[in-house]
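Single chain ahead, written as structure tokens, the form predicted on its own.
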């Protein structure tokens, strides 16, 4: 990946939007050592891929940013400010000559609780970066392992302080799970609850095809509502879809599986715990055609 641009945001409510976005050097230090986002992972973020000069599904990402902030009891984000900053960043990274051949741009926007000691305003920034083209991965598929997340399926109700379902900066567990996947000769992970319900990936939403229907687990299980998955369901109106719990047995019986994320799109699963799984290349292409055609 390659950093393209960086904006620092002034999140004080009384600062006009036009005065609250500040361009800074994308390679220069931005965060203080006392920021709670660094010291505690106490913050939220979103990442939107840029195509056709626009950040795709921006309103859904902004809505989810607000949802995560509510779950973490952070100040409500000024969505008009975040929207303006992301739109500005998307236009900048789409300018001629910014991207190298084979690169796609994405926008990551982050809000932390702020400085641990001064108790001031939250910290905010918007980062534009370039990543690789996911088309080869979409064709080849990925190998996944199933890992226990360690919580029951009802953790959002019984232990809301664990913040399942919030897109927080505290990604150490997700990163550890991905390292475990590599140790098991796999590429990615599907989490399950301790009582046997399928959840999500460390950085993706699961779609399973069962009985001709596309199914994804509900947010009530402590999973992040998937913006990419939602766009697939909306765009493939001729394919039946449903949001409901999926059991481990159903995961084994599914005739196709996908992990979906903003930067990669819909990637088919070719292997689960060392066992080969069928891939539907035609439907995968249709899913990604829907995603790639989005304009904001």
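Since this is a predicted model, take the numbers as computed values, not measurements. Numbering follows the first chain given and starts at 1.
Not pictured, yet referred to below: the form predicted together with a small molecule.
Here the marked residues 64, 200 and 204 all reach the small molecule in the model of the complex, each with a heavy atom within 4.5 angstroms. Partner contact region in the model of the complex: 221-229, out of 221-229, 97-105, 68-76, 119-127, criterion any non-hydrogen atom within 4.5 Å of the small molecule. Residue contact check for residue 260: one or more of its heavy atoms lie within 4.5 Å of the small molecule in the model of the complex.
Looking at residue 167, you'd find a heavy atom of it within 4.5 angstroms of the small molecule in the model of the complex.
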